[in-house]
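Shown here is one chain on its own, the form predicted alone, set out as structure tokens.
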């Protein structure tokens, strides 16, 4: 396994290639497991046409990279990719991608879940619903369930 894991963080408007990103990490030395998570914009039973996502450029990437680095310190991963889209995302389109690679599946699964839980609660993104009729809703509040999911990892406050 590489001495230093590959950490690749991107915030972009356009779509991403989940299979290509997984294949890229699978090619790293001594990788025996690749875990891929893709978050998809829900239509909420046809109620939503999509979501509008905004972020602080630079700050969002920095925060995601910090959390990915924390994942690399906690588990022996060879690499991690985190891609988050911004702008208007149509229902059914991909929003976020997390890929982790390790010699063994347990580390790859744990690192991916940790990264996704913290990305969901710490990365500075704001989202607004776009209803099926095209009108915009209010900005969506953070969900307590997401905070509880992140809390179970006990992120070191000193690392913040």
Partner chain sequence: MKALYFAWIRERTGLAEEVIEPPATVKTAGDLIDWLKGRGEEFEYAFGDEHVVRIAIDRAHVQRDAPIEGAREIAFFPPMTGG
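Numbering follows the first chain given and starts at 1. Note that this is a predicted model, so its numbers are computed, not measured.
If you look for the form predicted together with the partner chain, you will not find it shown, but the lines that follow are about it.
Participant: At the 4.5 Å heavy atom threshold, is residue 110 in contact with the partner chain in the model of the complex?
Facilitator: So residue 110 does not count as contacting the partner chain.
Participant: How about residue 124 - does it come within 4.5 Å of the partner chain in the model of the complex, if we only consider non-hydrogen atoms?
Facilitator: Within the cut-off, so yes.
Participant: Can you work out whether residue 142 and the partner chain are in contact in the model of the complex, taking contact to mean some heavy atom pair no more than 4.5 Å apart?
Facilitator: Flag for residue 142 set to yes.
Participant: Does any heavy atom of residue 120 come within 4.5 Å of a heavy atom of the partner chain in the model of the complex?
Facilitator: Yes, residue 120 sits close enough to the partner chain in the model of the complex that at least one of its heavy atoms falls within 4.5 Å.
Participant: Honest question, do 66, 84 and 116 all end up within 4.5 Å of the partner chain in the model of the complex by heavy atom distance?
Facilitator: Contact check passed for all of 66, 84 and 116.
Participant: Just one of 93, 54, 44, 30 has a heavy atom within 4.5 Å of the partner chain in the model of the complex. Which one?
Facilitator: Residue within 4.5 Å of the partner: 54.
Participant: If you look in the model of the complex, which residues in 58-80 sit within 4.5 Å of the partner chain (heavy atoms)?
Facilitator: In sequence order, 58, 59, 62, 63, 66 come within 4.5 Å of the partner.
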